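Below you will find one chain, with nothing else, as structure tokens; this is the form predicted alone, and questions on how it binds or moves follow later.
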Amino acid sequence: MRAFEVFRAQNRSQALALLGEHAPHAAVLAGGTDLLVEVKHGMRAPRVLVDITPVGELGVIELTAQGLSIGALATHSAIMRSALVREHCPALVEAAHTIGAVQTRNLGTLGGNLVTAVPSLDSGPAPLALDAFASIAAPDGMREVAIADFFLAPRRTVLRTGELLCALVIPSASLGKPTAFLKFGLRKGQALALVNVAASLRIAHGVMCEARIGLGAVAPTLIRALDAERILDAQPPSEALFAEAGRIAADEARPITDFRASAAYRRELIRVLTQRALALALARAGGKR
């Protein structure tokens, strides 16, 4: 492991200044549960770490005019404890429960999990299903990026050199939207997802609308199953329709074969979990299973 310097930023402006001053050799340090492992094993070799943990504003979870803002420094445990998240976006709590061990949840942050951008990340599908967006601080001001556009490739996001992810925002229109998150791994706890799925929908006049299906661990990045969503629009919910949506979602995905599972097995998981997540979202919408 190469030597590096650590600078502690006391506020957002100082963090941006430090990132700009030491670009492109600086990395952001928050919980460190991903970054320090990468540094230890030579996957990354930053010369400078900018520690943003003192920047309290980046850990705030609050309702704003835009919706529910979850600061990038909010830990998975903080999300699980948050009355606001439990009330308005319980699927995010369900996802946080599945992340690592309790020590990881106590240290690891939502922002760090998103920025690491591994295809199997558990904190991504539910925001996808809720039309969330990332609030990003840049040297010339703030910008917003839909979470569906945030991930470019494995371990690569839209963040530019010198930028800082500040918050994940669930828009006001999605607060309280019936949503379900399901994950399948090779064991019950501390497992990487073979497939994870989040589904959301609304029922109006007996038919479905605003259906969203977010898939993880099934392609190089998180994806929306857009074709599967389309067949649900303006249709009355049914077990047969959910089964068809699961089949289409499996066709849209690009799973791989590796030492943990075959592509064919992952496709079957996508089909089943999508169908189950839609049924659970429907139940939460007050519809019939």
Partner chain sequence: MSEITLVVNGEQRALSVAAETTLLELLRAQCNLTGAKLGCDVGDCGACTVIVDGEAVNACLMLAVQADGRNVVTIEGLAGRARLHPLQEAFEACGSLQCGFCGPGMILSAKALLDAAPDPSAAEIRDALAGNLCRCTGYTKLIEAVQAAGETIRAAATGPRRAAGQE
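Numbering follows the first chain given and starts at 1. Please read all numbers here as calculations on a predicted model, not as lab measurements.
Below, we turn to the form predicted together with the partner chain, even though it does not appear here.
Chemist: Which of 260-268, 230-238, 43-51, 61-69 has heavy atoms within 4.5 Å of the partner chain in the model of the complex?
Modeler: In the other structure, the partner sits against 43-51.
Chemist: In the model of the complex, does each residue in the set Arg8, Ala30 and Asn106 place a non-hydrogen atom within 4.5 angstroms of the partner chain?
Modeler: Result yes, every residue of the spot touches the partner chain.
Chemist: Check whether Val102 has any heavy atom within 4.5 Å of a heavy atom of the partner chain in the model of the complex, and answer yes or no.
Modeler: Heavy-atom contact with the partner chain at 4.5 Å: present for Val102.
Chemist: I'd like to know whether Thr116 contacts the partner chain in the model of the complex, with contact meaning heavy atoms within 4.5 angstroms.
Modeler: Contact check for Thr116: no, nothing within 4.5 Å of the partner chain in the model of the complex.
Chemist: Check Arg81 for me: does it contact the partner chain in the model of the complex (non-hydrogen atoms, 4.5 angstroms)?
Modeler: Answer yes; at least one heavy atom of Arg81 falls within 4.5 Å of the partner chain in the model of the complex.
Chemist: In the model of the complex, does Ser172 come within 4.5 Å of the partner chain, counting heavy atoms only?
Modeler: No, Ser172 sits far enough from the partner chain in the model of the complex that none of its heavy atoms falls within 4.5 Å.
Chemist: Using heavy atoms only and a 4.5 Å cut-off, determine which of Arg86, Arg155, Arg143, His97 is in contact with the partner chain in the model of the complex.
Modeler: Of the candidates Arg86, Arg155, Arg143, His97, His97 is the one lying within 4.5 Å of the partner chain in the model of the complex.
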